[in-house]
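The chain that follows stands alone, in the form predicted alone, written as structure tokens.
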């Protein structure tokens, strides 16, 4: 693993989180949950790139990337998407 590359990727992620925090002050309320779930996807992507993510995380990242834009369709669809992702993580947590 290249620590310099990992540090750069996490620094960019922190920049995204911080600029998102500022942006959310002026953005519609549904952007908050979207940015959080997008951050989860970005974290998993970094873990995947460095061979740290397991199969569960890789599959969940795919689900997140497929479902995160449901926020543009309706609040109800986005809530359903989030509930499914949370259920997946809760079930995985029970296994540990």
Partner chain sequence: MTSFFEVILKRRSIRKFRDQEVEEDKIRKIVEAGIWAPSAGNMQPWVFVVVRNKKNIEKIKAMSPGMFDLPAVIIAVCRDMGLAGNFEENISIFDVAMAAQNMLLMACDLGLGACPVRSFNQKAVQVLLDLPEHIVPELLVTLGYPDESPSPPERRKGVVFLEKYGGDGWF
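Numbering follows the first chain given and starts at 1. Remember, it's a predicted structure, so these values are computed and weren't measured experimentally.
FYI, the form predicted in complex with the partner chain isn't displayed, but the following is about it.
Contact annotation for residue 86: none of its heavy atoms lies within 4.5 Å of the partner chain in the model of the complex. The partner chain in the model of the complex comes within 4.5 Å of no heavy atom belonging to residue 59. Using a 4.5 Å cutoff between non-hydrogen atoms, residue 76 does not count as a contact of the partner chain in the model of the complex. The partner chain in the model of the complex comes within 4.5 Å of no heavy atom belonging to residue 48. Scanning 45-74 for heavy atoms within 4.5 Å of the partner chain in the model of the complex gives 69, 72 in sequence order.
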